[in-house]
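Only one chain is shown below, in structure tokens, and it's the form predicted on its own.
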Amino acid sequence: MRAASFGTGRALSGIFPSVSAGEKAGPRRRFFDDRPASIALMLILLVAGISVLAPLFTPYGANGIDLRNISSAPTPEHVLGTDELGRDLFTRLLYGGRFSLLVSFLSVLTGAAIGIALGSLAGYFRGAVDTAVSCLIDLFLSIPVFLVLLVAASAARGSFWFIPMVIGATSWMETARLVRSRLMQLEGEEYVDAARSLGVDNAGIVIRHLLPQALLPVTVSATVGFANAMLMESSLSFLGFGIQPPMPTWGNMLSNAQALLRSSPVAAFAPGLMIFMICLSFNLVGNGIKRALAPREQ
């Protein structure tokens, strides 16, 4: 397990600062020495890899129908059974992972982009800009986000690309606060004054000198945000307002499984377990990154 962890660590070394030979335990080493976090990261990568390579693990298509087996219990031919249309549930679970993970990723990417942009403006320019952004953050925090998501998703009729945009547009506030706070700490540093004296414009100072030092806390926030985005998408899909069938996601598989609870309980258990495992894993990874980056006493 330790060898696998360090192999993953080399592949993802860009997340953490490099570790010099003289350090006893740098952030990267501390992260992969954290057993729950490293196992959670490998589980996420495993599920993502199997989902992307789904055609290699199942002979059926995501929407392939077997009319001889409708709403069937697990069999050797269909290891998780079939749904009310005769579609293989294991196959749909794998393809559903593709779309659920992609929606969550796009949601986090959208939220991070908005949060970084607004947080940078507030933290660097301060004054009226900071006041306006802070009021906008407070406004969004006071809005019942899930109600907004329901209304927007209903209006979009379950559009695959619109759902993550809406989730991201209502979940950028913590990122904005983190970036704003970090830039306010760094804005008075000598190297920033030196860059100004050399004629570097505001955009160059923020992008080249300030933002790179604010990305680590944003990474921690993004891992937790990934789990929240998956829960939001699953909730919307379960209620019928998210990604619409026949495109499978773990959320709409849960919704469809309500009719199969008696004949095939595994139809609800399998996607529910995947949502639970992936959300828990992202939270463990986020906690692991936070602990790895925490200052250590010499």
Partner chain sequence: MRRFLLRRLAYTVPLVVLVSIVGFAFLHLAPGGPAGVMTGNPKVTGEDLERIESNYGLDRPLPVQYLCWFRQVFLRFDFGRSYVTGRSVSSMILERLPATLELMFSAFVLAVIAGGLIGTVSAVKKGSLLDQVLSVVTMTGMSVPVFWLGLVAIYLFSLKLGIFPAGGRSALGTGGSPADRIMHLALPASVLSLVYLSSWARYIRDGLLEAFEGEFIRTARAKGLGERAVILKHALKNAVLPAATVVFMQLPTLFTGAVITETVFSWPGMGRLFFEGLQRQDHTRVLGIIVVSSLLIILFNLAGDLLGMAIDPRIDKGRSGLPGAGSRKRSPAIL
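Numbering follows the first chain given and starts at 1. For clarity, every value in this text was computed on a predicted model and none was experimentally measured.
Just so it is clear, the following notes concern the form predicted in complex with the partner chain, a form of the same protein that is not shown.
The three residues L147, L261 and L273 all sit with a heavy atom within 4.5 Å of the partner chain in the model of the complex.
Of the residues given (N202, Q213, S154, Q185), S154 alone sits with a heavy atom within 4.5 Å of the partner chain in the model of the complex. Interface residue among I50, M247, M42, A268, judged by heavy atoms within 4.5 Å of the partner chain in the model of the complex: A268. Taking non-hydrogen atoms only, I289 never approaches the partner chain to within 4.5 angstroms in the model of the complex. Using a 4.5 Å cutoff between non-hydrogen atoms, A257 counts as a contact of the partner chain in the model of the complex.
Using a 4.5 angstroms threshold between heavy atoms, D138 counts as touching the partner chain in the model of the complex.
Taking the partner from elsewhere, I243 is found to have every heavy atom lying beyond 4.5 Å of the partner chain in the model of the complex. Here the chain stands alone, but in the model of the complex its contact with the partner chain, taken as any heavy atom within 4.5 Å, falls in 172 to 180 among 103 to 111, 203 to 211, 172 to 180, 186 to 194. Contacts of stretch 232 to 246 with the partner chain in the model of the complex, defined by any heavy atom lying within 4.5 Å, are made by M232, S234, S235, F238, L239, F241, listed in sequence order.
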